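What follows is one chain in structure tokens, specifically the form predicted on its own.
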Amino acid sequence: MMVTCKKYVLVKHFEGEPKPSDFVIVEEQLPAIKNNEILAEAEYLSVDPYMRLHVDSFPTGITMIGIQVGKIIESKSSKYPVGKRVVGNFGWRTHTVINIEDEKKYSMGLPHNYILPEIGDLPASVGLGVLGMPGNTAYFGFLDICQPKAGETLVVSGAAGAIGSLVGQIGKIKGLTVIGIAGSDDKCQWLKNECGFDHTINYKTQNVDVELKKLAPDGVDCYFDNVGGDISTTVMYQMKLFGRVSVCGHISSYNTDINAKPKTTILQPAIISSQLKIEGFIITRWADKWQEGIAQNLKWIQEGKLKYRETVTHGFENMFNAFAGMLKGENTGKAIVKV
């Protein structure tokens, strides 16, 4: 089977906000597969904040990085039968030939080319969200670093995103009072009405400092930080003694000059006086526990304890629009492109 693949090639590193001209879509004729190879056709592709940050470490000319769920349409491996879905770091491309005997166990530090587990009636797109990297980021990054205890107060910034919305729900499962910070009234309503957050703050229309003092008068025990910047500084100045901070991202500054030192309120007084534990992480730390996180999040979904939402953009030709919109916070829940 000879297949023509379309792919996005990075032709210019981003300067400020990504631009359509930073990419070019090219066609590539794929060879016929050999023994121990499969041909996967992209069904769903992920767009995530980390792409904006990490693609600068790659040379121009690469296929744009990213995870996808692909359907196996041809196989010369009994372990990867036709019709199954495979999750892999294949990048922004419509078709991929994969050697499943490749000795690499990981790609970009993540599990390399695995069959999507049995997920019942759920759409395969969940393999990129709640049952994929964002779900595991929420599960391990919150529970292992914050070590939450029932009765404590948790604040989540970027709370309506793919990771933040799950962190807050896991917090509720563990018996915490959860406060989410998001950027629109619609997102705040979703977090409270569907995700079960106790309180929300719209940072675009409300004063985070004032509102947080009202909602958590005794202070904050755990903070899951997706955004960085002044919002995170505000939260850290309202944390309790021995509070714990899990630093997942800093999307507020992703489009700024990475070589310029950010200017923000000094944090050391809050860190020292409250004796805070602040720990950054990259999800690859838990690569060897990948299926554990997926299994637990799936169980919570089946029990009705964990809900998710996807913002789906249709059409491979709209990959860039989905990517740029996600960076501007236009998505609620996981941003997905359906080919």
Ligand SMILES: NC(=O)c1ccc[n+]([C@@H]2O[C@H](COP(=O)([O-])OP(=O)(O)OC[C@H]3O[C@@H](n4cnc5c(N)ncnc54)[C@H](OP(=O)(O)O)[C@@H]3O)[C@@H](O)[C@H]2O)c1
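Just so we're clear, the structure is a prediction, and the values are computed from it rather than from any experiment. Start at 1 with the first residue shown and count on from there.
Below: the form predicted in complex with the ligand, not depicted.
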Could you tell me if Pro111 has a non-hydrogen atom within 4.5 Å of the ligand in the predicted bound form? no
Classify Tyr203 as contacting or not contacting the ligand in the predicted bound form by the rule of any non-hydrogen atom within 4.5 angstroms, answering yes or no. yes
Considering non-hydrogen atoms and a 4.5 Å limit, does the ligand approach Leu298 in the predicted bound form? no
Contact label in the predicted bound form: Gly180 to the ligand, heavy atom within 4.5 Å: no
Of the residues Met239, Ile251, Cys195, Ala216, which one places a heavy atom within 4.5 Å of the ligand in the predicted bound form? Ile251
Of Val87, Leu154, Val235, Ile163, which residue is found within 4.5 angstroms of the ligand in the predicted bound form when only non-hydrogen atoms are counted? Ile163
So which stretch, 76-84, 146-154, 206-214, 223-231, is the one near the ligand in the predicted bound form (non-hydrogen atoms, 4.5 Å)? 223-231
What residues, if any, in 293-317 have a non-hydrogen atom within 4.5 angstroms of the ligand in the predicted bound form? none
